[in-house]
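Given next, in C-alpha cells, is a single chain: the form predicted alone.
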C-alpha cells in the first residue's frame, strides 16, 4: 500500500478526504484559494492519531493539524505535499464537575459548544472571542488565545489544568490532572500550549471553570484623554470586587467608522470623543450589582474621569454596543490591502505607540487608507488595522510598525500566534538566545520536522 492507503486504513473510509475533493474548499476563512494537500485525515481517537503520527514520522511525511481554520497568521497553510489532519472527530465534551469546577474536553470540541455545556451547569469557561462558533479548543490552546474576558479570567494558558497530547513519533503524553497544584517536575503542558502544533498535537484538556455570573451590566464610556482612560480602568478594578469582565478601548476613528457602517450613524452618544471604552461587569448580587455599577459610573462622571456614558438598559442595546466593537466585515472592505497587527505593550506606552504609528503612516505611507486602533486594555493587547491601495509596500509598513514595538519593549503577537505571517519578525520580540532555545526544543521533540514545518521558527535541517 502507498502512504495514503496506509493512512486511510488507520482513520477509516469516513476519516479520509482525498486531494481532489479538498480542492473544492478554500484554504481557510480568510483565504479563498483552493486547498492543495496530499489529503485530509480525520482520526476519531487518540490511538488513531498516535498511529497516524508514528507512520508519518517513519515516512518523514510533513503534516499540519487543523482546528476551526480561522487563524490569522497562516498557521495552517501547506502545499500539495502536506498531509492535513483535522481533530474535528475528537470533539467529546464531558460532564462538568460542579464541585471541582473542571471539565474534560476533546481538542476538536467547538468553543461555543463548550461554553453552552458549562452555562447549562451554571458554570463558565472564561475564554471568549469572535470566532467562538468555529474555533476548536485544540486550536485555541495551540495559539494560547486571549479574547474579551482575559482581563478577568486570563488567556487560554491560565485556564488549563491538565493536557493530553501526542508527540511526532506517536508517543502519547497524558497528564489530565484536575487540580491546580502539581509540582512534579517540569510543567510540560506549557510546552504545547501556544506552540501552534509544532511540538506536539493536543488531543484532550482538563479546563478550569468558574461560577457563572447571574447579572450582567454594560456601559459605553467616553473620554477626552488617555489619562482619563487609565484612571477609570484603575478605579473600576479597585471598586468592582473582581467582577470587571471586559474593558474594550476603541479609538475615535474605528468607533465612528463602525457606528456609520453598522448603525447608519445613530451614535449611542451625541458628541464625538477621542476614546470610547465598552465596559462590562458580571456579578452575583442581582439588582445590587446594577445599582453599584450605576453609582460608580456616576461618581466617575462627577470626578471628570468619564466625560460621557450610556448604560445598556436591555439585551438588545447591549448587543448593539458589542456590535460596534466586534464586527469587522465593513472594515475589510475599506482596507483593500488590509494590514493588521495584534501586539502587546506596557500600559503606560500604549498611547505613545498609537501616536507613533499614526505619525509614521502620515510621513512614510501617506497613501494609507486610515488607521483603526482598539485594545483589550486591561491586559495591554492592542489591535491596529490599516490598509494600502496595493500590496507593494505592505512588508515595509509591517517592518515600520514592528520596529516601533521593539523600541517600546512590546510583543509582536499578543494572542494570534506567529504562524508564517509573523515568523520573519519574531526577532523584534525574542533574543538570539531565546530563538536558539526554540530551535533546540523543536529539534528535540520533532527531529524530522514533520509537525507544521516552517511555522513559528525555522528548524534545523531534519535528520
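Quick caveat: nothing in here was measured; it's all calculated off a predicted structure. Positions refer to the first chain, counted from 1.
Note that the form predicted in complex with a further copy of the same chain isn't included here; everything after this is about it.
- prompt: a further copy of the same chain in the model of the complex: within 4.5 Å of a heavy atom of each of 99, 182 and 442?
  reply: Judged in the model of the complex, 99, 182 and 442 all sit within 4.5 Å of a further copy of the same chain.
query: Of the options 370, 94, 133, 348, which one has a non-hydrogen atom that comes within 4.5 Å of a further copy of the same chain in the model of the complex?
result: Selected option: 348.
message: Using a 4.5 Å heavy atom cut-off, which residue among 115, 356, 178, 74 comes into contact with a further copy of the same chain in the model of the complex?
response: Among 115, 356, 178, 74, a heavy atom within 4.5 Å of a further copy of the same chain in the model of the complex occurs only for 178.
task: Consider residue 147 of the chain shown here, and say whether it contacts a further copy of the same chain in the model of the complex, taking contact as heavy atoms within 4.5 Å.
output: Yes - in the model of the complex, heavy atoms of residue 147 and a further copy of the same chain come within 4.5 Å of each other.
message: I'd like to know if residue 415 sits close to a further copy of the same chain in the model of the complex, meaning any non-hydrogen atom pair within 4.5 angstroms.
response: Although a further copy of the same chain is absent here, residue 415 would touch it in the model of the complex, with heavy atoms inside 4.5 Å.
message: Would you classify residue 456 as touching a further copy of the same chain in the model of the complex, given a 4.5 Å non-hydrogen atom cut-off?
response: Yes, residue 456 sits close enough to a further copy of the same chain in the model of the complex that at least one of its heavy atoms falls within 4.5 Å.
- request: Tell me, yes or no, whether residue 410 is in contact with a further copy of the same chain in the model of the complex, where a contact means a heavy atom of each within 4.5 Å.
  value: Output for residue 410 is yes: heavy atoms within 4.5 Å of a further copy of the same chain.
field: Residue stretch of 216-224, 251-259, 298-306, 155-163 approaching a further copy of the same chain in the model of the complex, non-hydrogen atom distance within 4.5 Å
entry: Looking at the partner contacts, the answer comes out as 155-163.
field: a further copy of the same chain in the model of the complex - contacting residues of 357-375, heavy atom within 4.5 Å
entry: Nothing in this stretch is in contact.
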